[in-house]
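One chain comes next, on its own, written as structure tokens: the form predicted on its own.
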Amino acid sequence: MNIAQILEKQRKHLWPNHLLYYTEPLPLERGDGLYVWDVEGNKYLDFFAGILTTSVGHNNPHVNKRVHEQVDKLLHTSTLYPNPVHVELAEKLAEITPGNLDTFYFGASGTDADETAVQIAKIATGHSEVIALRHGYSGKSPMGMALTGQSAWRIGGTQIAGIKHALNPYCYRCPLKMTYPSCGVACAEDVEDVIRTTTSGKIAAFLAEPIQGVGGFVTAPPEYFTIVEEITHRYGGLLIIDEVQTGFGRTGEYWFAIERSGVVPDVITMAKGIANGLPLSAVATTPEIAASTVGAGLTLSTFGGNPVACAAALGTLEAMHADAPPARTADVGDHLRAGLERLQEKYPLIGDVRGMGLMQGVEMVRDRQTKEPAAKEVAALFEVTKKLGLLIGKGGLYSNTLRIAPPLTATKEHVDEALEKLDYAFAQVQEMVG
């Protein structure tokens, strides 16, 4: 099928609320490493990795080998039957998760993982109220949308009793109109205020992303989670860290972004990059917390721990250890960050550059003093980068932040290629706005 035929079938048979990039959407046909091709043979450098999911590149040989071997053995069992790759994956994940978070429950998506984490927190603590963050994102189920702190992603006005939202650590647009570090990380203290004024005073959990993904790669100050951990535990809750986008070395130096803060959470959720594109998620917690679910009721997962998805995850971990460990990601990420900061010096449209490792956000503004969001300019830049053969993401409450997150196998040469295309695109858009 050509592009027109695919888009016609999409229009006719798929729900119209699917979010599609570009004025003329881009049907992709195949990928290899850092590159993808559309159905008409045009080549693109992928610097969004399927929303940070093809973590070790398209058609990675480690992943494909594991998948091909497993497909010839067993496609599906459900969690009613243990299988070798399911338990092997849990064992391998336990080697890289912090502290004693070495007990896992597998599901099929990040939404699934966050819901499971909240459920186990309620069971373990005996409390029911949960604190999440404004600008956060937790998925598209009723609970996921209720946890989410952005109106655009809460389809149907979803509300679930007991979920409250604290201020997020958005230093560039501080909701308290303060400046870091003189602010004393006052946004973290707001978590306690929310607990004391909007809950019963006993919470089940505090849930947050170390870097808010859909929120526009909003990056918390280093002290933030140390403060929040103490507050969460003081009010009887578990600290749930959502590493769906940040996990598996994405932010560099460590396997999980929360490790930078020195905090060991009670629960970590992970998905996206775990299996390089196959649907899989995991919730990691301690044996003691996991044991609290025994006797609380029956549970199973039809697709959690699927043999093929687990095999893909094992191949993904092999590829990460061999070709994309956290230290390498930090090095390539520093190269990317330096290049983006040079573009910031060159183009007034760039108000802020933030993030860690190979998870970098570029917030675009029409005026650096007023910080007026430049959402239309982002849309224009997207059209230019598409023509140049570069795929990037966007997000944020104001739809004005570029999300730049290539597969972790990206080289500095790939980064230079992307920076060159971005430089040209910014020049074009900057000229348009004057």
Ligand SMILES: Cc1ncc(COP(=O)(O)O)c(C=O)c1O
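Throughout, we count residues from 1 along the sequence that is shown. The shown structure was predicted, so the numbers you read here are calculated from the model rather than taken from an experiment.
The same protein also has a form predicted together with the ligand, omitted here; what follows describes it.
Could you tell me which stretch in 331 to 339, 72 to 80, 97 to 105, 209 to 217 has residues with non-hydrogen atoms within 4.5 Å of the ligand in the model of the complex? Partner-contacting stretch among the options: 209 to 217.
4.5 angstroms heavy atom contact with the ligand in the model of the complex for residue 109: Yes, residue 109 is a contact residue.
Residue 361: touches the ligand in the model of the complex, heavy atom cutoff 4.5 angstroms: Close contact is absent here: in the model of the complex, residue 361 is far from the ligand, nothing within 4.5 Å, heavy atoms only.
Residue 139 near the ligand in the model of the complex, any heavy atom under 4.5 Å? Residue-level check for residue 139: yes, a contact with the ligand.
4.5 Å heavy atom contact, residue 272 to the ligand in the model of the complex: Taking the distances in the model of the complex, the answer for residue 272 is yes, it comes within 4.5 Å of the ligand.
Find the only residue in 312, 349, 121, 244 having a heavy atom within 4.5 Å of the ligand in the model of the complex. Contact with the ligand in the model of the complex is made by 244 alone.
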